[in-house]
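This document starts with one chain, in the form predicted alone, laid out as structure tokens.
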Amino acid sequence: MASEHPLRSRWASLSLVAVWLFSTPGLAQVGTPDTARPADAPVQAPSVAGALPAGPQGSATEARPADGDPGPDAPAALEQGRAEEPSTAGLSLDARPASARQDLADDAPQRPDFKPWAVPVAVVPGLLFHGLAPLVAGDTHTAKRLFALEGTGLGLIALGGVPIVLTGASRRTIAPLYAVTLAGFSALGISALANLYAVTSPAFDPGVAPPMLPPLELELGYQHVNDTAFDYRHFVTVGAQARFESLRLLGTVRVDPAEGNTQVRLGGAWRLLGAPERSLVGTDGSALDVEAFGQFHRYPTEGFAMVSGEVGLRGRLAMSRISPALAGSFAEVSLGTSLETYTYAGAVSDGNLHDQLLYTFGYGVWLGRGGGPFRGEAMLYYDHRKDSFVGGLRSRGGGIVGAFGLRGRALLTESWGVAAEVQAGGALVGRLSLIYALGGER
């Protein structure tokens, strides 16, 4: 099968999407935020003890005479003290004096109160004008951020979509332009979901990222596939993932006992930015990973198999960095590329090696509230890949887009939990699994 787009254009598209990913507000600072530092952390602030001249006992306060008269030299000393007093403008929040920290805390945007009348506005006309619902609720800070994010998405869609139309979707330019358009739709989708979350979240306590994920997690479940193009339907799924300091290893196997259809997927992720999953305490869960996977998928009834390898980046941003009203939620974006080849009986075509642009985005919430063993997350997402069980969805224009899905994972006790996923694209896929976490989450 021939490549859909030239490889050079494919890598150009990845570069453009990477620029958008790293330009997302707050993503470049996915380390531990200042507000997550312990309150009792030592502060290294410049000393001002020598701002005033020392008295007989070396005390700056003794420079003032006992009768309260400042003396002839006091005004000059006080002016010198003011001149030498260090500015707090360039210091982080924790490095500033307590009074300055309190002033900043008073001025910082606070999590808004719940306004029931803003919820329907988030749907109509809020789905068209993102940020309108928070504006109606009186949260102008969140409204400005969401309007800006929506504007960025619309701008990227126009920047990529208009040239596609004008060039007739030329093969020479379609890949990078398509990637820019996808980036625009992801920004638009995230701002739309954030608009809904911003006015409903004040009604409940926000979830928090788990302080630690288990070192070893095992999964056993059932997957059902409803695809009119294939006969397979029922799958047994087995999965495992191991977490180390900055490395995470994953493996899944899906087998249809009746048809023999088998998919094996192995790979891992390396934490580039952000705290490791084994020590998330004190962080907001923001991170950036580089991922690499290999996959083998055998179709015995149809008489072929597919082998692929992929590499990409996956970033997660705690939306509380955008606005306090979005606390407890996160946005996730991933981009990558894969090389795939097909093997089948008979003569092998020279064009059976092709590449694929991988792109996903989603909006999720943390389910844990702190205290107790319950921990987890749920995310609504779009996946642009076409070689999965769910496949791609045919658009009205005749093209093939990706699939939409909803997945969740939660530990109900310290060691046992459940995971579920529903996907809709070229097929319908549902999965339900039992999870065993060795050591549990803390």
Partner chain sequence: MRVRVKVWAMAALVVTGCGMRPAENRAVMDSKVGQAQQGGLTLAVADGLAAVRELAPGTLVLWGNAPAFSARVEVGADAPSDWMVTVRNAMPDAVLVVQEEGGAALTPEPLPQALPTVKVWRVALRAGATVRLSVAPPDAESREPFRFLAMADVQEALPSVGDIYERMRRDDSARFILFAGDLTESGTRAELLEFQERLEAGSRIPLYATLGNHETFSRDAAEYHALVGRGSQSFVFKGVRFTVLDSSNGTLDPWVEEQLDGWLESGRQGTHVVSMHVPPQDPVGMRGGGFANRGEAAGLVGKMARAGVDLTLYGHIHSFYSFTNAGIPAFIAGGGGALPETFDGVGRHYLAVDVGAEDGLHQAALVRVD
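As the structure is a prediction and not an experimental result, all values here were calculated from the model. Numbering follows the first chain given and starts at 1. What we label the rigid core is the largest C-alpha set whose atoms superpose within 1.5 Å from one form to the other.
Here the subject shifts to the form predicted together with its partner chain, a form of this protein not shown in this document.
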> Which of 302, 291, 259, 332 has a heavy atom within 4.5 Å of its partner chain in the predicted bound form?
Replying inline: 302
> 235, 178, 197, 363: which sits within 4.5 Å of its partner chain in the predicted bound form by any heavy atom?
Replying inline: 178
> Wondering, does residue 354 line up within 4.5 Å of its partner chain in the predicted bound form on heavy atoms?
Replying inline: yes
>> Using a 4.5 angstroms cut-off on non-hydrogen atoms, would residue 386 count as touching its partner chain in the predicted bound form?
In response: yes
> Does its partner chain come within 4.5 Å of any heavy atom of residue 116 in the predicted bound form?
Replying inline: no
>> Test of understanding: in the predicted bound form, would residue 417 fall inside 4.5 Å of its partner chain by heavy atoms?
In response: no
> in the predicted bound form, which of the stretches 318-326, 169-177, 281-289, 239-247 has residues with heavy atoms within 4.5 Å of its partner chain?
Replying inline: 169-177
> Are there residues in 414-433 with a heavy atom within 4.5 Å of its partner chain in the predicted bound form, and which are they, in order?
Replying inline: 426, 427, 428
> Can a Cα shift of no less than 2 Å be assigned to residue 184 between this form and the one not shown, given superposition on the rigid core?
Replying inline: no
> Core aligned, does the CA of residue 175 move at least 2 Å between this form and the one not shown?
Replying inline: yes
